[in-house]
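As a starting point, one isolated chain is supplied in structure tokens, in the form predicted alone.
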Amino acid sequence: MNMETSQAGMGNNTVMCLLTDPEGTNLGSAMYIPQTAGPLQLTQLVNRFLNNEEMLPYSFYVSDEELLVPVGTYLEKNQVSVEKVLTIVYQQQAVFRIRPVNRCSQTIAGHAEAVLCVSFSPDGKQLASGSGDTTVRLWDLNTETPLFTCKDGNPLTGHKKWITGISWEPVHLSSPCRRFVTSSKDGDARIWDVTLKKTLICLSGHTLAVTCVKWGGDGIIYTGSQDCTIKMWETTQGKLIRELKGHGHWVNSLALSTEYVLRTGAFDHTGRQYPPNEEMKKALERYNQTKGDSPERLVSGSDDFTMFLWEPSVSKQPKKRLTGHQQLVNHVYFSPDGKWIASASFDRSVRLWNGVTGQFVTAFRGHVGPVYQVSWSADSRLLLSGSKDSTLKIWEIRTKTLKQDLPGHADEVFAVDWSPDGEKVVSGGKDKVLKLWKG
């Protein structure tokens, strides 16, 4: 139906709507729908328009607020005129559901100093933890015992100061994966070959410490630094491609919209294993599906209290400046589906932003100390945060409320991670122990 309001459709019980995807692409033209239509009817409509073979779940948003009632009820409650065209944004939801964790299943001692970082393996079966005691420990999650302690073995030497970040080359670009990149306080980033056990390329150009590094799905490396810049590097010769400027203070954290799929490669929620020759193909398929037709997005968080949303392959100008935090931004993270950005700050709040437009959505308040890190559930419906106040908290995105409070640590919680399979959460901090949490 075209945009001209035909007399036939002007009854009091219909409203003219325009359905668009998160990127702003219209699904057909504006059409009349009954005021009694709610999320269920709109889901059927979208599935029909997209010719989906099976019914996929969708959620709907009007002005960044989720539509949970019939359209007519929404119009009445928000005093929106029925004469206007109502733009409704549809977003596909994960077809699986992750349960929130609610209890500590295990406390694992072993490190001699504070636990500073934790990370599950892509299949969620193993766990790595890094500590101020200078060791990395690998844990077998079936027995919850150390598999291996990486101590002095054969360290990869090259950096002159401590390591601030590490990122592996995505498996859809190279399988089996041999290269990874590290960032350091010494101002350099280095690309290493895990088989040759040496530096292949040194990425020099930052004038101060490099605080974070990400290896993007298009094969570009992004580094963020205390020199206030973000630099983009190609990985065959280590040439600087582009510089992203805008922050007025240190860049603390970088995140990519495709990060979850880069991290998990061929592994999805079904837990299916692929032979090495198929792994790369499956990983590429998942990457393309997540990325869609839009460019990979980057978000940066800084000591200047702000964040920037970038589309680095399109422009060196930021797409949007995200303001609202009252203190430095410590950590930023895209949801697995790329629809949301979460930010953790020393102002004791976690903020939620639209991952496509950068629009502010809500602030989660409840922590009574600085928030150090956040992590998402695999279905993008729940968000986890860890704080100086010694607690973890789980927030529900749909209702924008606190879902679960998880006390238990004896001191500050520095690091949190939700396993890619959604089954468990790990946390580590000043009390030197790892805690595993389950549903």
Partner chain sequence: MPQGDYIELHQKRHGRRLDYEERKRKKEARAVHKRSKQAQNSIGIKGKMIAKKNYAEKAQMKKTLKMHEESSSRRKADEDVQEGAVPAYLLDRENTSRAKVLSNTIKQKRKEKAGKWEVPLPKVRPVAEDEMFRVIRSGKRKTKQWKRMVTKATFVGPGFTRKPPKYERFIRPSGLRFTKAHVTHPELRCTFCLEIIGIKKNPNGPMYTSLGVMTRGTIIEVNVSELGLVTPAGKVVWGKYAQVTNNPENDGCINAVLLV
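What you see is a predicted model; the values in this text were computed from it and never measured. Numbering follows the first chain given and starts at 1.
If you look for the form predicted in complex with the partner chain, you will not find it shown, but the lines that follow are about it.
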The partner chain contact in the predicted bound form: residue 58, any heavy atom under 4.5 Å: no
4.5 Å heavy atom contact, residue 334 and the partner chain in the predicted bound form: no
Any non-hydrogen atom of residue 65 within 4.5 angstroms of the partner chain in the predicted bound form: no
4.5 angstroms heavy atom contact with the partner chain in the predicted bound form for residue 390: yes
The partner chain in the predicted bound form: contacted by all of 243, 290 and 313, heavy atom 4.5 Å: no
Position in contact with the partner chain when the complex is considered in the predicted bound form, options 113, 76, 140, 123, heavy atoms within 4.5 Å: 113
Contact residue in the predicted bound form, chosen from 239, 185, 198, 365 - any heavy atom within 4.5 Å of the partner chain: 185
Stretch in contact, per heavy atom within 4.5 angstroms of the partner chain in the predicted bound form, of 227-235, 101-109, 281-289, 247-255: 247-255
Within 317-348, the residues that have a heavy atom no more than 4.5 Å from the partner chain in the predicted bound form: 328, 330, 346
